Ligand SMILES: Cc1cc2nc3c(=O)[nH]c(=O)nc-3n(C[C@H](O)[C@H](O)[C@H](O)COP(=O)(O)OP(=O)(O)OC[C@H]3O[C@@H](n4cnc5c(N)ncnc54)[C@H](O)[C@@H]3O)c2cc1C
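Okay, so here's just one chain, in structure tokens, the form predicted alone.
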């Protein structure tokens, strides 16, 4: 019987990464729950076995329920009835099976009814569910919004809301508005304090809200009258049981049809303040978005895997000119690049997730006791790494998901354009990944300061100190040569002293940086498991060489006056 977890040994490989020991020890706080809860692990080995069992269960659910339902969900989609969103009928079946399998409250402590799993394992579960149905993954994975409430809400709010999520209720984050998409400082949904009823009231419109008719919402609203920037925004908790919010419209989208995208009207809706006023955007949303971006990276890897699976299966079966097309150089070249991007992107995802785990666990421990000097140093180190790697993981994997889905259609030829084949749905679903939760351009903006201040170069040089297998040394030497070109390119851009030039070339520097980091990660993976990754390491380093050399040549030959050429071309198009 198919199983989305056990069919892909790469996942178990990443679960056994050496850094996982530190992740699990911190997450379990030296296994203090073992005497309180029957399902709590007694040591590291026991914890890993628990994770494997949960992943195995999820892999079975994905292969035998969610994936078979995906076509019906895509065709039916959600619909609107009397101001309420109604899921596609098979989505309710998916929700029911995931609840019965105990796949809710993934990251929450056991004292609230959660599973207390680390981010790395949660990302693996997200990847599996996304491979089965990326739209349903949105609905299911939004339970991670509860992390923000756990981190910044009061204990009373934790006791009130977290057990409901652990029981399978859904969440949404209501951030964007008709005039505030990427620019959240322009949010104008109004929050006013109701002294008579000792609560807040929300009024206004939210747009493009994923799972917008959920049970519990985290809402960004303007609490400070007369303000027009991020300093006037606060975070609120809205409970659907209190009423006051209607669904005005459900968007008809290109893909992820199982994920309802709603326009909401707030009419004097009762709400609770989460944390402190004025910190909604600058602190709470940033924490929320970083988690969401890691979730999109996992969603992207799931679709990368499924696109590769579909292309490979078709290429093995389809014959042309008396031969299976998998034997054609143009096809196996495409397939090998798809697999290399998948393996390198997955390695980046789980390295990022482990970094996030360590700093988040240390922050959680700091709520109970003072950290030791060593722990404070560790917290600082992994916070820096997580902040640097998250925009790479989200941006690059979302782009790779689009590329793999595109190539899957190419392998299918004309059949890929026919709606009966899954690859067309993967292509439609993937397109949003590089747009929502921060476009790839915004991931570049988040990463560029780490490029220009030398953070990434410092990380890369540390990575270069890791030994690789002798048979991979030549690939590492080639990657080392790319580092010199990156450093030269960064210096060239900085020396221009022109912010417009830096902004124009930032995407190329970003891709050069990510290509090198992923090359070093896949070389490390291939050293530890050559049977899984040696082929991808060979292909990916060659891919990285082509990209880095191309970008390097562009940057070194770029002149400030070239900006005017691009502007003039844009102006011509506008006038035409």
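Positions refer to the first chain, counted from 1. Not measured: the values here are computed from a predicted model.
Heads up, the form predicted in complex with the ligand isn't pictured, but that's what we're talking about next.
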| item | value |
| --- | --- |
| Complete contact of 173, 182 and 210 with the ligand in the predicted complex (any heavy atom, 4.5 Å) | yes |
| Distance check, residue 421 to the ligand in the predicted complex, heavy atom within 4.5 Å | no |
| Contact flag, residue 205 vs the ligand in the predicted complex, heavy atom cut 4.5 Å | no |
| Residue 201: touches the ligand in the predicted complex, heavy atom cutoff 4.5 angstroms | no |
| 4.5 Å heavy atom contact, residue 439 and the ligand in the predicted complex | yes |
| Proximity to the ligand in the predicted complex (heavy atom, within 4.5 Å), stretch among 173 to 181, 98 to 106, 381 to 389, 128 to 136 | 173 to 181 |
| Position in contact with the ligand when the complex is considered in the predicted complex, options 505, 335, 237, 445, heavy atoms within 4.5 Å | 445 |
| 164, 158, 283, 253 - the one with a heavy atom within 4.5 Å of the ligand in the predicted complex | 253 |
| Partner contacts in the predicted complex for 411 to 436 (non-hydrogen atom within 4.5 angstroms of the ligand) | 432, 435, 436 |
